[in-house]
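Next comes just one chain, in structure tokens: the form predicted on its own.
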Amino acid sequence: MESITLEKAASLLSEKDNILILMHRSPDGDTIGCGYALCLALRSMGKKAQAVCSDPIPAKYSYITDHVDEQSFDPEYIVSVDIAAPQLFGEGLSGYVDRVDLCIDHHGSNSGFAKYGFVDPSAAACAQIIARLIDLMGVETSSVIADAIFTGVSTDTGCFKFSNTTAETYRIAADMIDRGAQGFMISRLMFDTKSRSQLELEKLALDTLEYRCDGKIAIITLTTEMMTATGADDSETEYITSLPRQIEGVLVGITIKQKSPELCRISVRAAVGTDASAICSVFGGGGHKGAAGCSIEASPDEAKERIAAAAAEVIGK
């Protein structure tokens, strides 16, 4: 992948049309905010653009998605946002892995799968990059674009409390509110509102909690049976991943999410000074020092032992 400046990325997008924007599987607020903000910005320039994901977009993001109707066209230019590696495309978008023209990302572990790329690991959220990109494209930020950017920035920083939050993060968030973002509504919806099914899932998840390495590692497990019993969907597991790391004395919090009998997706959250991406890289995953993910082809019990061993190695136990 050829690294380019953000100005060059803005120039490329300004020249192209029929642009397909790819978001990562199990979509979170950052990839959704990036995808829809960029889509709306390109459409305001008179271009055809569509943001797509291999998994359904959770209904709670309807304050953004309801403003973007579906367009049909043959893609001429393909952009990925907040995607660090090809396996994060998901099955529905796997056909685009070798066709990505431009990658916009903030993961230092980005594998360089696109023709051109702008990757800024110092950005707390990919939405910070998209906000700067849209300004460079000369697009006026509408209130819906502002909502999308604010969503990405706030969710990838845990409502501005993660260690990746910078002064620029706050400045962009404030700028989006000045441009019409519904900051209070978004924060309440993302961080202070839970469905009953999510609460029931959290109760079951906490019953699986176990510790390793003298309490430095905490692990919870979400099985397919638990998902079925509570009626929760995958989007409702997003913030459960932060629970084990919140425990006093824990350096590494691990959440194991069973997807099939022999496949588990792993989310790792790490304290300052511990590298979550180093743990996940053992299994071909990646992310940031504070938060990373990977997949392990194994049962939940086997996956637990393998990820726990990798975590113990990283923290030196």
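For every residue, the number given is its place in the sequence shown, counted from 1. Given the structure is predicted, the values throughout are model-derived calculations rather than measurements.
The same protein has a further form, the form predicted together with another copy of the chain, not shown here; the description that follows concerns it.
In the model of the complex, Y170 approaches another copy of the chain with a heavy atom inside 4.5 Å. The closest non-hydrogen atom of G95 lies beyond 4.5 Å of another copy of the chain in the model of the complex. Interface residue remark: A37 is not counted as part of the site for another copy of the chain in the model of the complex, having no heavy atom within 4.5 Å. Remark: D175 counts among the residues lining another copy of the chain in the model of the complex, judged by a heavy atom distance of 4.5 Å or less. Contact with another copy of the chain in the model of the complex, judged by any heavy atom within 4.5 Å, is made by just one of D135, E202, D120, D234: E202. Within 4.5 Å of another copy of the chain in the model of the complex, a heavy atom is found for every one of F150, S195 and Q246. The stretch in contact with another copy of the chain in the model of the complex, judged by heavy atoms within 4.5 Å, is 238 to 246, chosen from 238 to 246, 110 to 118, 80 to 88, 126 to 134. Residues F150, C159, F160, K161, F162, S163 are the ones in 143 to 164 with at least one heavy atom within 4.5 Å of another copy of the chain in the model of the complex, listed in sequence order.
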